[in-house]
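One chain follows as C-alpha coordinates, the form predicted alone.
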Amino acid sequence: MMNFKTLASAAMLLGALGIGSAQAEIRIATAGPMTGQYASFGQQMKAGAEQAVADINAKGGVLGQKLVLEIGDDACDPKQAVAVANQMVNKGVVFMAGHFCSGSSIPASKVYEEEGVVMISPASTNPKLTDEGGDLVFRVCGRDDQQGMVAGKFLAEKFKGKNIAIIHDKTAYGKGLADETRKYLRKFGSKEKMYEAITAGEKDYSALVSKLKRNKIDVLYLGGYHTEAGLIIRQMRQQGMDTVLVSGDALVTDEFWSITGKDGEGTLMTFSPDPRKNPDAAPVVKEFRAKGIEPEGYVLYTYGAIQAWAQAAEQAGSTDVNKVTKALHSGKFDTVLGKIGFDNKGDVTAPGYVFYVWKDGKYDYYKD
(Lines give C-alpha, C1' and ligand atoms only; values in the text may rest on other atoms or scores of the structure.)
Protein backbone atom coordinates (compact mmCIF):
# COMPACT_ATOMS: atom_id res chain seq x y z
CA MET A 1 0.00 0.00 0.00
CA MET A 2 1.40 3.36 -0.99
CA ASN A 3 1.72 5.68 1.97
CA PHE A 4 1.76 9.44 2.34
CA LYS A 5 5.57 9.67 2.17
CA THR A 6 5.64 7.53 -0.97
CA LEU A 7 3.12 9.82 -2.64
CA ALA A 8 5.20 12.86 -1.75
CA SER A 9 8.33 11.19 -3.18
CA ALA A 10 6.46 10.38 -6.37
CA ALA A 11 5.43 14.02 -6.73
CA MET A 12 9.07 15.11 -6.29
CA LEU A 13 10.13 12.63 -8.97
CA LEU A 14 7.60 14.05 -11.43
CA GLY A 15 9.08 17.49 -10.80
CA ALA A 16 12.58 16.19 -11.38
CA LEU A 17 11.45 14.69 -14.69
CA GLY A 18 10.23 18.12 -15.79
CA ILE A 19 6.52 17.35 -15.65
CA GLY A 20 5.06 20.72 -14.64
CA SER A 21 2.25 21.02 -12.14
CA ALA A 22 0.10 22.84 -14.69
CA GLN A 23 -0.05 19.59 -16.68
CA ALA A 24 -0.78 17.43 -13.65
CA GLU A 25 -4.11 16.22 -12.38
CA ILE A 26 -5.44 16.09 -8.85
CA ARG A 27 -7.15 12.83 -8.01
CA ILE A 28 -10.06 12.92 -5.55
CA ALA A 29 -12.80 10.41 -4.76
CA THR A 30 -16.20 9.67 -3.37
CA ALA A 31 -17.20 6.34 -1.88
CA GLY A 32 -20.43 4.91 -0.56
CA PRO A 33 -23.03 2.22 -1.27
CA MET A 34 -23.04 2.26 -5.06
CA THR A 35 -24.65 -1.20 -4.95
CA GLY A 36 -26.81 -3.01 -2.41
CA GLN A 37 -29.98 -2.01 -0.59
CA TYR A 38 -28.73 1.51 0.16
CA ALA A 39 -27.52 2.19 -3.38
CA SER A 40 -29.90 5.13 -3.79
CA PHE A 41 -27.67 7.08 -1.38
CA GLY A 42 -24.53 6.05 -3.26
CA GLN A 43 -26.10 7.36 -6.44
CA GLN A 44 -26.87 10.66 -4.70
CA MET A 45 -23.21 10.98 -3.70
CA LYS A 46 -21.98 10.03 -7.17
CA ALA A 47 -24.26 12.60 -8.83
CA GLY A 48 -23.13 15.32 -6.43
CA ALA A 49 -19.45 14.51 -6.82
CA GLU A 50 -19.53 14.31 -10.61
CA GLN A 51 -21.29 17.65 -10.92
CA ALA A 52 -18.97 19.35 -8.41
CA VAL A 53 -15.90 18.13 -10.27
CA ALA A 54 -17.35 19.20 -13.63
CA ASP A 55 -18.23 22.66 -12.32
CA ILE A 56 -14.85 23.19 -10.62
CA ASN A 57 -12.97 22.02 -13.71
CA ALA A 58 -15.04 24.34 -15.91
CA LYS A 59 -13.74 27.24 -13.81
CA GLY A 60 -10.11 26.19 -14.11
CA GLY A 61 -9.85 23.37 -11.60
CA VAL A 62 -7.96 23.59 -8.31
CA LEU A 63 -4.62 25.42 -8.30
CA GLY A 64 -4.76 25.42 -12.09
CA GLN A 65 -5.05 21.64 -12.24
CA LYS A 66 -7.98 19.51 -13.34
CA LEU A 67 -9.73 17.25 -10.85
CA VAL A 68 -10.11 13.56 -11.67
CA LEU A 69 -12.83 11.68 -9.78
CA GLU A 70 -12.59 8.11 -8.56
CA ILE A 71 -15.74 6.26 -7.43
CA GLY A 72 -15.59 3.63 -4.70
CA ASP A 73 -18.32 1.13 -3.79
CA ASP A 74 -18.29 0.02 -0.15
CA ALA A 75 -21.90 -1.30 -0.11
CA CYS A 76 -22.07 0.06 3.47
CA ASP A 77 -19.88 -2.87 4.54
CA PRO A 78 -17.03 -2.04 6.98
CA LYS A 79 -14.53 -4.51 5.52
CA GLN A 80 -15.29 -3.44 1.97
CA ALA A 81 -14.92 0.19 3.05
CA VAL A 82 -11.39 -0.47 4.32
CA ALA A 83 -10.54 -2.22 1.04
CA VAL A 84 -11.92 0.76 -0.92
CA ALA A 85 -9.90 3.17 1.22
CA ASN A 86 -6.70 1.25 0.48
CA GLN A 87 -7.55 1.19 -3.23
CA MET A 88 -8.01 4.96 -3.24
CA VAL A 89 -4.69 5.51 -1.47
CA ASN A 90 -2.96 3.36 -4.07
CA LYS A 91 -4.59 5.40 -6.84
CA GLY A 92 -3.03 8.56 -5.41
CA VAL A 93 -6.25 10.14 -4.14
CA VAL A 94 -5.59 13.21 -1.96
CA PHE A 95 -9.19 13.78 -0.85
CA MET A 96 -12.18 11.54 -0.08
CA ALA A 97 -15.73 12.90 -0.10
CA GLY A 98 -17.14 9.94 1.79
CA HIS A 99 -18.17 7.54 3.07
CA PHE A 100 -21.95 7.28 3.66
CA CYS A 101 -22.71 4.76 6.41
CA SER A 102 -21.03 5.53 9.74
CA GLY A 103 -20.11 1.85 10.05
CA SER A 104 -18.04 2.25 6.88
CA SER A 105 -16.68 5.75 7.47
CA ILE A 106 -15.23 5.00 10.91
CA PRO A 107 -12.90 2.13 9.87
CA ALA A 108 -12.08 3.75 6.51
CA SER A 109 -11.08 6.96 8.28
CA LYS A 110 -8.27 5.09 10.04
CA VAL A 111 -6.73 4.30 6.63
CA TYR A 112 -7.02 7.88 5.40
CA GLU A 113 -5.59 9.23 8.64
CA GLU A 114 -2.59 6.89 8.43
CA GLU A 115 -1.96 7.54 4.75
CA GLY A 116 -2.42 11.31 4.69
CA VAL A 117 -5.73 11.64 2.83
CA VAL A 118 -8.24 14.32 3.86
CA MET A 119 -11.73 12.89 4.40
CA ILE A 120 -15.00 14.86 4.52
CA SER A 121 -18.08 12.71 4.96
CA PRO A 122 -21.30 14.12 3.50
CA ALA A 123 -23.50 11.80 5.56
CA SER A 124 -21.94 9.88 8.47
CA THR A 125 -23.52 11.14 11.68
CA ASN A 126 -22.16 8.82 14.39
CA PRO A 127 -20.25 10.98 16.93
CA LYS A 128 -17.34 8.51 17.03
CA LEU A 129 -16.28 9.52 13.51
CA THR A 130 -14.94 12.88 14.64
CA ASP A 131 -14.69 12.22 18.39
CA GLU A 132 -12.20 9.43 17.76
CA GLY A 133 -10.94 10.47 14.33
CA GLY A 134 -7.77 12.44 13.76
CA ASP A 135 -7.02 15.85 12.27
CA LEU A 136 -7.83 14.73 8.73
CA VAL A 137 -11.43 13.69 9.40
CA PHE A 138 -14.34 16.09 8.78
CA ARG A 139 -18.04 16.02 7.96
CA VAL A 140 -20.52 18.47 6.44
CA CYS A 141 -23.54 16.77 8.04
CA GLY A 142 -24.56 16.92 11.68
CA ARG A 143 -24.09 14.39 14.49
CA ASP A 144 -26.44 11.84 16.02
CA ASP A 145 -26.24 13.47 19.43
CA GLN A 146 -27.52 16.68 17.81
CA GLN A 147 -30.15 14.80 15.79
CA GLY A 148 -31.14 12.68 18.79
CA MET A 149 -31.64 15.76 20.95
CA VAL A 150 -33.99 17.32 18.40
CA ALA A 151 -35.90 14.03 17.96
CA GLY A 152 -36.07 13.20 21.67
CA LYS A 153 -37.35 16.65 22.61
CA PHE A 154 -39.91 16.54 19.79
CA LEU A 155 -41.20 13.11 20.84
CA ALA A 156 -41.44 14.12 24.51
CA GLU A 157 -43.34 17.32 23.75
CA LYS A 158 -45.41 16.42 20.69
CA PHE A 159 -46.46 12.97 21.91
CA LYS A 160 -46.68 13.57 25.64
CA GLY A 161 -48.62 10.75 27.33
CA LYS A 162 -48.50 8.55 24.21
CA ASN A 163 -47.03 5.05 23.95
CA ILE A 164 -43.65 5.38 22.26
CA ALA A 165 -41.48 2.55 20.90
CA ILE A 166 -37.84 2.95 19.90
CA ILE A 167 -36.24 0.39 17.61
CA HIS A 168 -32.91 0.20 15.80
CA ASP A 169 -31.20 -1.94 13.16
CA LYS A 170 -28.00 -2.71 15.15
CA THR A 171 -25.82 -0.60 12.82
CA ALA A 172 -23.44 2.10 14.06
CA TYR A 173 -25.79 4.68 12.56
CA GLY A 174 -29.12 3.18 13.54
CA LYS A 175 -28.32 2.13 17.09
CA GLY A 176 -26.37 5.31 17.74
CA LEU A 177 -29.27 7.49 16.61
CA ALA A 178 -31.88 5.46 18.49
CA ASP A 179 -29.87 5.55 21.71
CA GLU A 180 -29.31 9.30 21.51
CA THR A 181 -33.02 9.85 20.85
CA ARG A 182 -33.90 7.59 23.78
CA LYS A 183 -31.50 9.48 26.05
CA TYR A 184 -33.03 12.84 25.21
CA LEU A 185 -36.60 11.51 25.28
CA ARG A 186 -35.98 10.63 28.93
CA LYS A 187 -34.12 13.86 29.61
CA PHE A 188 -37.17 15.82 28.46
CA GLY A 189 -39.46 13.94 30.82
CA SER A 190 -40.83 10.99 28.88
CA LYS A 191 -39.99 7.30 28.53
CA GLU A 192 -40.37 4.69 25.82
CA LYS A 193 -42.71 1.72 26.33
CA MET A 194 -40.69 -0.55 24.05
CA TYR A 195 -37.04 -0.71 23.01
CA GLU A 196 -36.17 -3.35 20.41
CA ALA A 197 -33.59 -4.30 17.79
CA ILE A 198 -34.34 -5.55 14.29
CA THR A 199 -32.19 -7.18 11.65
CA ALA A 200 -31.62 -5.03 8.57
CA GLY A 201 -32.35 -6.66 5.24
CA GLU A 202 -35.28 -8.80 6.34
CA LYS A 203 -38.58 -8.61 4.47
CA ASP A 204 -41.03 -9.76 7.14
CA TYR A 205 -41.42 -7.60 10.25
CA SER A 206 -44.86 -8.92 11.14
CA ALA A 207 -43.70 -10.28 14.52
CA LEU A 208 -42.43 -6.82 15.49
CA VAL A 209 -45.59 -5.18 14.20
CA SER A 210 -47.76 -7.59 16.19
CA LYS A 211 -45.82 -6.74 19.33
CA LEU A 212 -46.23 -3.02 18.61
CA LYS A 213 -49.96 -3.58 18.22
CA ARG A 214 -50.26 -5.54 21.48
CA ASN A 215 -48.49 -2.71 23.30
CA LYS A 216 -50.78 -0.13 21.69
CA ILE A 217 -47.84 1.88 20.34
CA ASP A 218 -48.87 5.31 19.13
CA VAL A 219 -45.46 6.44 17.88
CA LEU A 220 -42.63 4.32 16.51
CA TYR A 221 -39.15 5.84 16.36
CA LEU A 222 -36.76 3.96 14.05
CA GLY A 223 -33.00 4.29 14.09
CA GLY A 224 -32.28 2.81 10.68
CA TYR A 225 -32.67 3.13 6.93
CA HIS A 226 -35.49 3.79 4.49
CA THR A 227 -35.85 0.20 3.26
CA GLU A 228 -36.72 -1.24 6.67
CA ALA A 229 -38.76 1.85 7.57
CA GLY A 230 -40.84 1.46 4.42
CA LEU A 231 -41.55 -2.21 4.99
CA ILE A 232 -42.43 -1.71 8.66
CA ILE A 233 -44.88 1.10 7.96
CA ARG A 234 -46.57 -0.92 5.21
CA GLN A 235 -46.93 -3.91 7.51
CA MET A 236 -48.30 -1.71 10.30
CA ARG A 237 -50.97 -0.38 7.96
CA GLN A 238 -51.79 -3.94 6.84
CA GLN A 239 -52.51 -4.79 10.48
CA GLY A 240 -54.79 -1.77 10.77
CA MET A 241 -52.39 0.37 12.80
CA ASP A 242 -52.30 4.16 12.42
CA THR A 243 -49.05 4.44 14.43
CA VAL A 244 -46.92 7.45 13.44
CA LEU A 245 -43.45 6.58 12.16
CA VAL A 246 -40.63 8.95 13.10
CA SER A 247 -37.05 8.47 11.92
CA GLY A 248 -33.84 10.21 10.91
CA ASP A 249 -31.96 11.47 7.88
CA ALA A 250 -31.73 8.06 6.19
CA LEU A 251 -35.28 8.57 4.91
CA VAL A 252 -34.27 11.43 2.59
CA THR A 253 -34.69 9.46 -0.62
CA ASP A 254 -37.62 9.11 -3.03
CA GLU A 255 -37.08 5.38 -2.76
CA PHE A 256 -38.80 5.52 0.65
CA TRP A 257 -42.06 6.55 -1.02
CA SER A 258 -41.53 3.98 -3.77
CA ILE A 259 -41.66 1.34 -1.02
CA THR A 260 -44.52 2.81 1.02
CA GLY A 261 -46.80 4.53 -1.46
CA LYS A 262 -49.62 6.31 0.38
CA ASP A 263 -48.79 4.33 3.55
CA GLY A 264 -45.82 6.68 3.98
CA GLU A 265 -48.10 9.71 4.30
CA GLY A 266 -47.39 11.61 7.51
CA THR A 267 -44.05 9.96 8.25
CA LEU A 268 -41.78 12.36 10.13
CA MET A 269 -37.99 12.58 9.97
CA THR A 270 -35.11 14.78 11.01
CA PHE A 271 -32.64 16.15 8.46
CA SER A 272 -30.45 19.22 8.12
CA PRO A 273 -31.98 22.33 6.50
CA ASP A 274 -32.71 21.48 2.86
CA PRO A 275 -29.88 22.99 0.77
CA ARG A 276 -32.17 23.02 -2.26
CA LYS A 277 -33.92 25.95 -0.60
CA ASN A 278 -30.67 27.90 -0.18
CA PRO A 279 -30.77 30.83 -2.69
CA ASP A 280 -27.00 30.52 -3.23
CA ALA A 281 -27.52 26.93 -4.40
CA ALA A 282 -30.21 27.86 -6.95
CA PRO A 283 -27.93 27.80 -10.05
CA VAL A 284 -26.56 24.36 -9.13
CA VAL A 285 -30.03 23.01 -8.33
CA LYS A 286 -31.23 24.30 -11.72
CA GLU A 287 -28.27 22.59 -13.39
CA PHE A 288 -29.11 19.25 -11.79
CA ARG A 289 -32.78 19.46 -12.69
CA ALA A 290 -31.94 20.34 -16.28
CA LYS A 291 -30.17 16.98 -16.41
CA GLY A 292 -33.16 15.18 -14.93
CA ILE A 293 -31.51 14.78 -11.51
CA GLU A 294 -33.36 15.86 -8.40
CA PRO A 295 -30.64 16.98 -5.95
CA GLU A 296 -32.32 15.39 -2.93
CA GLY A 297 -30.73 13.97 0.19
CA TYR A 298 -26.95 13.85 -0.01
CA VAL A 299 -26.44 15.11 -3.58
CA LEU A 300 -25.69 18.66 -2.47
CA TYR A 301 -23.92 17.53 0.70
CA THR A 302 -21.39 15.66 -1.43
CA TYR A 303 -21.13 18.65 -3.78
CA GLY A 304 -20.57 20.93 -0.79
CA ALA A 305 -17.91 18.66 0.72
CA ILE A 306 -15.90 18.88 -2.50
CA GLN A 307 -16.38 22.66 -2.65
CA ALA A 308 -15.05 23.03 0.90
CA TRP A 309 -11.96 20.93 0.19
CA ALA A 310 -11.28 22.73 -3.13
CA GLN A 311 -11.52 26.16 -1.49
CA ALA A 312 -9.30 25.03 1.38
CA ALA A 313 -6.68 23.85 -1.12
CA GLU A 314 -6.85 27.21 -2.89
CA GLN A 315 -6.48 29.05 0.42
CA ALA A 316 -3.55 26.82 1.35
CA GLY A 317 -1.97 27.22 -2.08
CA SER A 318 -1.35 23.48 -2.05
CA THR A 319 -2.95 20.05 -1.81
CA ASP A 320 -0.48 19.19 0.95
CA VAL A 321 -2.50 17.38 3.61
CA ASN A 322 -1.20 19.42 6.54
CA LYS A 323 -1.78 22.76 4.81
CA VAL A 324 -5.24 21.80 3.62
CA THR A 325 -6.39 20.51 7.02
CA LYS A 326 -5.11 23.69 8.67
CA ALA A 327 -7.15 25.73 6.16
CA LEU A 328 -10.24 23.55 6.74
CA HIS A 329 -10.04 24.03 10.50
CA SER A 330 -9.53 27.78 10.28
CA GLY A 331 -11.40 28.94 7.18
CA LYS A 332 -14.93 29.66 6.03
CA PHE A 333 -16.22 28.27 2.75
CA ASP A 334 -18.98 29.38 0.41
CA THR A 335 -20.84 26.25 -0.60
CA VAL A 336 -24.25 25.07 -1.77
CA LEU A 337 -24.83 24.32 1.93
CA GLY A 338 -24.25 27.98 2.79
CA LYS A 339 -21.16 29.47 4.41
CA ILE A 340 -19.66 26.69 6.52
CA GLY A 341 -16.59 26.02 8.63
CA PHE A 342 -15.33 23.23 10.86
CA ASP A 343 -14.57 23.08 14.57
CA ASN A 344 -11.47 21.56 16.12
CA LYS A 345 -12.96 18.06 15.88
CA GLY A 346 -13.85 18.42 12.21
CA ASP A 347 -17.60 18.82 12.77
CA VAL A 348 -19.35 21.34 10.56
CA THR A 349 -20.36 24.68 12.05
CA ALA A 350 -23.76 25.04 10.41
CA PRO A 351 -27.45 24.97 11.40
CA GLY A 352 -28.59 21.73 13.02
CA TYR A 353 -31.59 19.48 12.44
CA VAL A 354 -35.20 20.25 11.65
CA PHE A 355 -38.28 18.07 11.13
CA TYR A 356 -39.71 17.07 7.76
CA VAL A 357 -42.91 15.27 6.85
CA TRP A 358 -43.63 12.98 3.91
CA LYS A 359 -46.74 14.08 2.00
CA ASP A 360 -48.00 13.28 -1.51
CA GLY A 361 -44.75 11.53 -2.41
CA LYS A 362 -42.43 14.33 -1.32
CA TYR A 363 -40.86 15.53 1.90
CA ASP A 364 -40.95 19.12 3.09
CA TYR A 365 -40.53 21.05 6.30
CA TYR A 366 -42.94 19.97 9.03
CA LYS A 367 -45.20 22.71 10.31
CA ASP A 368 -47.00 21.96 13.54
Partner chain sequence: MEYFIQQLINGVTLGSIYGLIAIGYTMVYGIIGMINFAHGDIFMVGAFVSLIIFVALGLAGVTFVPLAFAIVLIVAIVITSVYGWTVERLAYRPLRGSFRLAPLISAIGMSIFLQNFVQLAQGARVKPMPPMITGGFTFLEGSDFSITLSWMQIIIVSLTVVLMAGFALLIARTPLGRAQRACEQDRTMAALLGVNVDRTISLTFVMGAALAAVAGMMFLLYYGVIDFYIGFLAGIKAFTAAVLGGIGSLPGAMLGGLLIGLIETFWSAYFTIEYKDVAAFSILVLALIFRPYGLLGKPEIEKV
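Remember, it's a predicted structure, so these values are computed and weren't measured experimentally. Numbering follows the first chain given and starts at 1.
Although not depicted, the form predicted in complex with the partner chain is the subject of the following passage.
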{"item": "4.5 Å heavy atom contact, residue 201 to the partner chain in the predicted bound form", "value": "yes"}
{"item": "Interface membership of residue 40, the partner chain in the predicted bound form, 4.5 Å heavy atom rule", "value": "yes"}
{"item": "Touches the partner chain in the predicted bound form: residue 61 (any heavy atom, 4.5 Å)", "value": "no"}
{"item": "4.5 Å heavy atom contact, residue 86 and the partner chain in the predicted bound form", "value": "no"}
{"item": "Heavy atom within 4.5 Å of the partner chain in the predicted bound form - residue from 330, 35, 322, 318", "value": "35"}
{"item": "Partner-proximal stretch of 181 to 189, 113 to 121, 88 to 96, 230 to 238 relative to the partner chain in the predicted bound form, 4.5 angstroms, heavy atom", "value": "230 to 238"}
{"item": "Within 204 to 219, the residues that have a heavy atom no more than 4.5 Å from the partner chain in the predicted bound form", "value": "204, 206, 207, 208, 210, 211, 213, 214, 216"}
